[in-house]
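We begin with a single chain expressed as structure tokens, specifically the form predicted alone.
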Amino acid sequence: MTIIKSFSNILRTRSISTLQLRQRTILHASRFYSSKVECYISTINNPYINLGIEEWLLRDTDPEKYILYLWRNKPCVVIGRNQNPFLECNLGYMQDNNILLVRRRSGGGAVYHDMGNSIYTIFMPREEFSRKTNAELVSRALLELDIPAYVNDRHDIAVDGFKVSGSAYKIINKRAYHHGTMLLDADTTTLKGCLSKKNKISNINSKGVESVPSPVTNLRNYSYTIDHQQFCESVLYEFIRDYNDGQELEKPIVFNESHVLPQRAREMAEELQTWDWIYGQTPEFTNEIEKEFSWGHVNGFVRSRHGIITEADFSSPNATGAHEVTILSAISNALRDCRYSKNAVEAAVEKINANVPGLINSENEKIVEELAQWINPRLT
């Protein structure tokens, strides 16, 4: 890992006069020691790698250390550990716009990341952890930048009633972290496209943790100069003031694309990209849909657990043709054990063709096409 002498070598936006003013206000004491306080910066924009580094910092660094980790990601949606992406996200929109889906290891709700959204993680001993205290630290950093931020009852950071930062936390045996986003100049159109539920065309009932929608805004609306560097430097200042008694850190540690990551960070980044983690951790849920076709009204019921369809029932109370009844029954049976996805019907058809050759034929394939066109978009 590359060591730099001071954070200002990377973040140069703070004026000298402001730094001098702050240096005059620093109080020197002895409650913390510099060896117990560190800062890590990632210039990597891969969300899986950055979350891998976060997990490494949580589990493999000294549990008594106070660590600030600053990073940001290319466009992605990051959902909480126990969330349902089929409920939280417009996966079709995300796929059309090359937006990554990421499941983190902490709880909380779904958030949108891009290069206009800064991310901070604060690590500390478990017994010292306070989500409110950490949120107030970041809020003070914004106040230092003349942005009228405050912490609301949900421990989110807001300005004028609009949410600018959502956060979550994770606690293990001796260690805890609090991490959060900060909307500086994010693409709010894409954010809404990824997370808005207004256009969902399914009726999902899920056991997972559901996000609480909040109106959001960018800090750009309150400052023409705010950027990632300025935000990070201000948060670092508040961090060392709280946990290092204001004494400057000499050696922030920087990760970039050329570095060989610690083993746990590499392994975690790889795991976070797998289907088993992203979709396979989805809590059990059901989806009920219905549609009127020219040959009858169809009711559909699908149950999924860990991203796999465990039960499917498509039936029509008024379809009288043998082809319609046969295909509905066959697809219902074949969908079981398929992955819950926009390709589920195709997977079911492959199973039918393999197990019962000739069941789908020229006389009924039009029914299969109609059902696929209806069902597939409702499984995303």
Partner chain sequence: MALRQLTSRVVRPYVPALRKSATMAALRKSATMAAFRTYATKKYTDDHEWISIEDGVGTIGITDYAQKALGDVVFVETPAVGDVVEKKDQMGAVESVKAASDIYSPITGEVVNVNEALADEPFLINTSPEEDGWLAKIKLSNPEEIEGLMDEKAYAELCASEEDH
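Numbering follows the first chain given and starts at 1. Computed from a predicted structure; not experimentally measured.
Absent from the display: the form predicted together with its partner chain. The rest refers to it.
- Segments offered: 104 to 112, 292 to 300, 70 to 78, 88 to 96. Contacting its partner chain in the predicted complex at heavy atom distances within 4.5 Å is 104 to 112.
- Proximity of Phe255 to its partner chain in the predicted complex falls outside the 4.5 Å heavy atom cutoff.
- Its partner chain is not shown here, and in the predicted complex it never comes within 4.5 Å of any heavy atom of Lys36.
- Among residues of the shown chain, Glu128 is one whose heavy atoms approach its partner chain to within 4.5 Å in the predicted complex.
- Using a 4.5 angstroms limit between non-hydrogen atoms, Thr225 is distant from its partner chain in the predicted complex.
- Listed residues Asn173, Asn205, Gln263, Thr189 were compared with its partner chain in the predicted complex; Asn173 is the one with a heavy atom within 4.5 Å.
- This chain appears without its partner; in the predicted complex, the one residue of Gln247, Asn82, Thr133, Ser214 with a heavy atom within 4.5 Å of its partner chain is Asn82.
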